[in-house]
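One chain comes next, on its own, written out as C-alpha cells in the form predicted alone.
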Amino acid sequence: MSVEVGTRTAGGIGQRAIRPDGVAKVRGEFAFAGDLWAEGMLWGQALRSPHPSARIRGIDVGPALLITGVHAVLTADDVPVNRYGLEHRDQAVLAGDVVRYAGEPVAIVAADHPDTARRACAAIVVDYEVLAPLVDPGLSQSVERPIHPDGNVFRDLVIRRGNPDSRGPVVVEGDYEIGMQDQAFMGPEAGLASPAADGGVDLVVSTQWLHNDRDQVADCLGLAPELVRLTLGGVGGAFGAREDVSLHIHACLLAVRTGRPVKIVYSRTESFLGHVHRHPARIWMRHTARPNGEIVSVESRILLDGGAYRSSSYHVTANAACFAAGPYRVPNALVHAIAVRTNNPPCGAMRGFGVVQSCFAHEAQMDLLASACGLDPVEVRLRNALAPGDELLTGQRIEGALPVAEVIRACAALPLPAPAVDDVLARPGGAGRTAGARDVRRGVGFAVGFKNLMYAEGYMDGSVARCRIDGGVVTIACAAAEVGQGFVTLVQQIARTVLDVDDVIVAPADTDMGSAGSTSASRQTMMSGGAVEKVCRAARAELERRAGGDEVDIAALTAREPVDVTEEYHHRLTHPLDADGQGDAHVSFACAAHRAVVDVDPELGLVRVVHLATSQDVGRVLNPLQVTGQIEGGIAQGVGLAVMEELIVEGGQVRNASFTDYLIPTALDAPTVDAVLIEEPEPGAPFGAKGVGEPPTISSTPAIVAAIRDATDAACTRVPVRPRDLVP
C-alpha cells in the first residue's frame, strides 16, 4: 500500500470530494459530444443493411448525389483499408460484398443538414441477394460454410482442475439462459471530425479508449498515427459499448473527402444497432458436494453468442470460464466455454464482462445445493468461500486481498426492510396495473460474485500521466476516458494528497500523450490512478530536491522553472492460460454480496424490487460519495437484467430498438440500497484501492432472481424473468 504525504488539503484521498464537472452537468451546461459544433460543418449519416445476411450485388449512389446539399457519398470502394476491430481486424468499415448483421453500414453520406443526410441515405439503391441468416449459436459450429473467412468460433476454452470425474454424493444441475442486454447509456454516440492542414484529421468523440480508436482510424485511412489526433468529447455513459469503434472512421473519412468538419450523432435506434451488447448465453452446470455442503466438483458448458464480429468475445469467454464456479473453493472442475459467430448483432464488453452470465448460473446452483443439503443459503456459501492463499479454477493462488467470507457476513447482517405496508404505490405495478394486497408475496434472495480487475492473460497493460507545476499551478494530464465514473475527481484527490495542494487542474484527455488504456475492466483506479500517484510523487521529489531540506513552497520553487514530469505505471505480469486452462492469468480480484427483497404478484406477472443490501470488497475507499454512486448505479443495471432489460432479436432482427420498447429501470423502479464497504487494502494498488464499478452488477441480478424464486417457488432459470416464468 502506498504511503501518503499530504495531510492538510481539503478534498484529498478518503474524502467526499465533489466532481469538477458535477455542477455543469446538474445545470445542463456540460458540453457532451452531441453538443459539438464547428463553422461550416456537415452532418454525417450511415446507410445500414436491413438484412442480417445478404450478398451485395451492387450499390447505386447516383440518386443520393443528385440531392441538393449532399457533399459526399462513400462506399466500401472509397475506404483505403476496409477492416477494423477492437482486438482483431475482422470487420468492414463499410460492407462491400456481404452483410453479416442487420444494421451493418454499407454507405455513408455527408450533407449540409441531418435531414438531408437521412434523405440521401434513403435514396441510395442497394441490390441485395438475401440469404438465410445463421441465428442459433448452437448450430454455428456445425454449419458447412462459415459466415466469415475467419470461421465461426471466436474462442473455445477448456479449464480442467483436479480430477473432473470426482463426484460427491449430493448432485444438483441446471440449465440457464441469459438474454441480450444493452448498455443503454443516456448519451448516444457522437463525434466531430475535422480535416487538418497537415493532411491528417482531428476527431473529438465520446469513447472509452482514445489510443486504440486512433490506431484503428489511422489504419483504415492509411495515415500515420501521428496524423490522427483524438480528443475526448463529453461522454454520457459507456458501460463497455464505447470500447468498440462506431462512427469514428465514418466521420473521419467524410471529413477528409469533403475538406470540411463532419459531425455524426446517432439516433437512439441507430445507437441500438451501432454498438455491441452483452453476450446472450446458455449455460449448463452440475455441482456435486458432500452432505455438509462442501463442494467436490463443478462441471459447466457455456455457450456465448458473439454475433457477427469478434469484438471482445475472446476475453469475455475467458472470464465466463475462469469465474464459472464463483468465489468458492472447488478442488475438481471441468469447464468448457465457447463463443461463436452468428448473424445476430455483434456483442462485446458490458459491465461485468462475461462474469455476469456465469454468476447467474452458479448462484442458482448454490441455492439448489443449499436446499439439497438442508443448509441456509448463506451458510453453504460461507463453508465454501475462497480466501487468500486458496487457488482458483485456473490454479492461480490468491495473493492479494479477497475477503469473500467477510462480505457475505456483512451483507447478511444488514437489517431487512420493514414489512410491506398497504400502499397502492408500493405494490408491484404501482399506480398502473396494480396488484391486490392479498396477492402480493414477499421473497428474499442472496448471491455472491467476484471478478478479476484489469486485463488478463499476459496483456501488457499500462497508463501514462504527466504532472506540470508552473508558478504553483498544478496540471495533471492523463488520457484516461472520463465516462461518468468520476476519474477526474480521483485525479484531483490523488494530486492534492501527494503534493499537499488545494487546486489541481485536470487537462483534457487526448492522444497527444501516452496511452492510458481503456476505461473498462475496473482498471482505471489502479492503472491511471497509479500513474497519477507515481507522477505526483516524482514531481514532489523534484520539489524537495529544489527545496534542499527547506519547507516546500511550490509557487516559489516553480516560478522560474516549471516542474514537468511524465511517468508510466504498470501492474505485475500475467500469463496466458495453457491448454488445460491453467495459469497465473489475473492481476487482482474483487468480490461483493447482495441480498434482495422483492414483492411479487404471480398471477399478474408483476415484480417490485423493494430492497438491496450489499457488502463490497473495495480495497480502500478513495471517495465514499463516488463508491456509493457506483454501487447504486451497478445495482440498477442488475435490476434491469433481472426483470426487464432484453434486446429482442428474432431472425437476426432487433425488434425493440427504442426506449419505448427496451425497458430500463427508472427512479420508480429503483430499490432502496444499504451498503457496507469492506476495506482490506490491495497490495501494490494506489493507496490500496480497487475498482468498484463491476461487482454491483454481477451478483445483484442472481440475488433478485433468488428472491423471486423464494416468493413464488418458480424455477426462474432465465433472465430477464418474464411474467410467464413466475408460474411455479
Partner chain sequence: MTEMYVLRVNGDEHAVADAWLGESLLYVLRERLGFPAAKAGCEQGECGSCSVFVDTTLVCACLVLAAAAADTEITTLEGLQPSARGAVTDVQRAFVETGAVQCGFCTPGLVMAVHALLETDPEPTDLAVREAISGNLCRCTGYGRILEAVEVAVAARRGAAR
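Positions refer to the first chain, counted from 1. Quick caveat, the model's predicted, so the values are computed rather than measured.
In what follows, reference is made to the form predicted in complex with its partner chain, a form of this protein that is not presented.
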Counting only non-hydrogen atoms, the one stretch of 698-706, 662-670, 59-67, 681-689 within 4.5 angstroms of its partner chain in the predicted bound form is 662-670
Heavy atom distance at most 4.5 Å to its partner chain in the predicted bound form, all of V23, F30 and L425: yes
Checking A413, V125, A132, V421 against its partner chain in the predicted bound form, the residue with a non-hydrogen atom inside 4.5 angstroms turns out to be V421
The one option of N82, N163, T434, T628 with any heavy atom within 4.5 Å of its partner chain in the predicted bound form is T628
Original post:
Is D502 close to its partner chain in the predicted bound form, meaning a heavy atom pair under 4.5 Å apart or at it?
Top reply: no
Fill in: Exercise: S658 in contact with its partner chain in the predicted bound form, heavy atom 4.5 Å
yes
R268, heavy atom within 4.5 angstroms of its partner chain in the predicted bound form:
yes
(message) Test of understanding: in the predicted bound form, would R572 fall inside 4.5 Å of its partner chain by heavy atoms?
(response) no
Contacts from 181-207 to its partner chain in the predicted bound form (any heavy atom within 4.5 Å), listed N to C, are Q181, D182, Q183, A184, F185, M186, G187, P188
